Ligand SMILES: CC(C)(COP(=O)(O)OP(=O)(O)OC[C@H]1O[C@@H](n2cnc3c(N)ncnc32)[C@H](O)[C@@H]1OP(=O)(O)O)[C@@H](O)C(=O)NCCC(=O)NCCS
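Shown below, as structure tokens, is a lone chain in the form predicted alone; questions about how it binds or moves come after it.
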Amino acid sequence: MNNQEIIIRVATQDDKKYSTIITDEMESSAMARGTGIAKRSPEYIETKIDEEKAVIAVTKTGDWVGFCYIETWSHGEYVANSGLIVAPSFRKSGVAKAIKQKIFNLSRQKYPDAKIFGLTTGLAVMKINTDLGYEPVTYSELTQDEAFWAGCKIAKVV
């Protein structure tokens, strides 16, 4: 990844223009992998931006590169770094790991005492999580908040 060309930062109101691109790429990527993914709408992404719970990567010329957001449950006791997606032309460049590091730092800043976790169906993200110090846990160690489990419902991949 060329840090001279890619900016990774907390998303701002101006970044809402990327919300449809982000959700379309999430869906396309899930279909290409043949895995389910919790479907998110552009409006949902915009809400995360409004709440200052999103990190975006863009080029200096304004092209979208990647995105990730924060989910919270049980009054901030549990925090997930969710929805990591990188534009296909920037994959395998290190940008995903940089986004995950930035969203982890933002999560820790906003929720210093939270249990931070990430869920993934992808080997690449699992490796990134391990490299960043995440430890595997069983589902029973995650929040029992019903909103969490409702949000995990997988969209059907056809």
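Residues carry their position along the shown sequence, with the first being 1. None of the values given here were measured: they were computed from a predicted structure.
Not on display, but discussed next: the form predicted in complex with the named molecule.
Since exactly one of Ile116, Leu132, Leu119, Met31 fits, which has a heavy atom within 4.5 Å of the named molecule in the model of the complex? Of the candidates Ile116, Leu132, Leu119, Met31, Leu119 is the one lying within 4.5 Å of the named molecule in the model of the complex.
Among the candidate residues Ser41, Asn105, Ser93, Thr59, which is the single one with a non-hydrogen atom no more than 4.5 Å from the named molecule in the model of the complex? Filtering the options by heavy-atom distance leaves Ser93.
When the contact criterion is heavy atoms within 4.5 Å, does Lys97 count as touching the named molecule in the model of the complex? Result yes; Lys97 sits at the interface with the named molecule in the model of the complex.
Please determine whether Leu84 contacts the named molecule in the model of the complex, using a 4.5 Å cut-off between heavy atoms. Leu84: contacts the named molecule in the model of the complex.
Is Lys110 close to the named molecule in the model of the complex, meaning a heavy atom pair under 4.5 Å apart or at it? Output for Lys110 is no: heavy atoms all beyond 4.5 Å of the named molecule.
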